[in-house]
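Here you get one chain, nothing else, as structure tokens; it is the form predicted on its own.
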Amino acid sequence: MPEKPPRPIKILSSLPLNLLLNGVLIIPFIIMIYLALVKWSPLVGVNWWNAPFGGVVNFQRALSDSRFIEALGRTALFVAIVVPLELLIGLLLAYILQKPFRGKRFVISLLIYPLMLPPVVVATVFYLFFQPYGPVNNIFLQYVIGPRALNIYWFLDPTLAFITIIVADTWQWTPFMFLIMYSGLSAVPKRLIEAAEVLGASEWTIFWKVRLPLIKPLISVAVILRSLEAFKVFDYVYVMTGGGPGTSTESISLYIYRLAILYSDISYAAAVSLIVLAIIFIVSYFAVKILVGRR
């Protein structure tokens, strides 16, 4: 039986990783907590470690900040729309592509292509698509509602601007859901499907009673991962609408960016970031707990 390495060797072998984690994660996180508890901005002319202590003033300010609450609610609404939409489309595509056909590999490669593009590129393309004289008005909608489509100004109406962001996000991230659903459906044992067919079950019954229950844990994981990613939406909002018109499409990430970079209100931005982090942690904790309980 091989001997265990001495404790000093274990410590030294893990030291580079610990230094990396402390430098990249823990130390900046501690600094952010400190900044949230002081009153500091680069414009005040003092170093951040000499800033006066403010306690929970920044957190109280956030709870009474209507713009922060609206951005948080708007981001939650965005997540509540895009994640189920991407899941349903991805599941539908995965189900359709389960059957073999000629050119299947090419179709799958084409479907996952949007994932290879940077979000800022996708946002720029869709920003050009939804211009008043862009392809959406001139080509797609003109055949549906006629010449009146040329008068649709997508980025001047809060609801329409919000829809453009949803469309861009759905186009890029539906392939993510598709890949997970496709791998899950492909892993369902064929003997179960064949047994159901022998018993006379229809294709819809097999999907609803056999395939779907077996991939429910996978669906839960996909929804959690995608929700966490969608909550960080920034590129589409920043490039396509800039948070406008006004602040009607401003996401929480864009609001924090403006607080820290444009308004130089670093302490308040740190407090808002910690509140958002706490909310994400609580939601993720209960989501994972529910998932583990179901399993």
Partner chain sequence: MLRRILTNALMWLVLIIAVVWTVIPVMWMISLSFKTYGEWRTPSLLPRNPTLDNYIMLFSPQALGIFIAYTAILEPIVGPLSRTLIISATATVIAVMIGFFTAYGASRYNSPGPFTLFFTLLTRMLPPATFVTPIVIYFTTLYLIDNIIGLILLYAATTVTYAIWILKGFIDAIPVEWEEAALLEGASPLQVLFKVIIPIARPGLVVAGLFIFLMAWTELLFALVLTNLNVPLSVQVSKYVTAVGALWGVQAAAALLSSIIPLVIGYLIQRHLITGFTFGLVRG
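Numbering follows the first chain given and starts at 1. What you are looking at is a predicted structure, and each value in this text was computed from that prediction instead of being measured.
Absent from the display: the form predicted together with the partner chain. The rest refers to it.
Here is the short version: of L128, L199, I145, A80, the single residue with a heavy atom within 4.5 Å of the partner chain in the predicted bound form is L128. Residues M32, A187 and L218 are all found to lie within 4.5 Å of the partner chain in the predicted bound form, as judged by heavy atom distances. Looking at F59, you'd find every heavy atom of it more than 4.5 angstroms from the partner chain in the predicted bound form.
Proximity of L97 to the partner chain in the predicted bound form falls within the 4.5 Å heavy atom cutoff. In the predicted bound form, the partner chain stays beyond 4.5 Å of every heavy atom belonging to F207. None of the heavy atoms of L91 is located within 4.5 Å of the partner chain in the predicted bound form.
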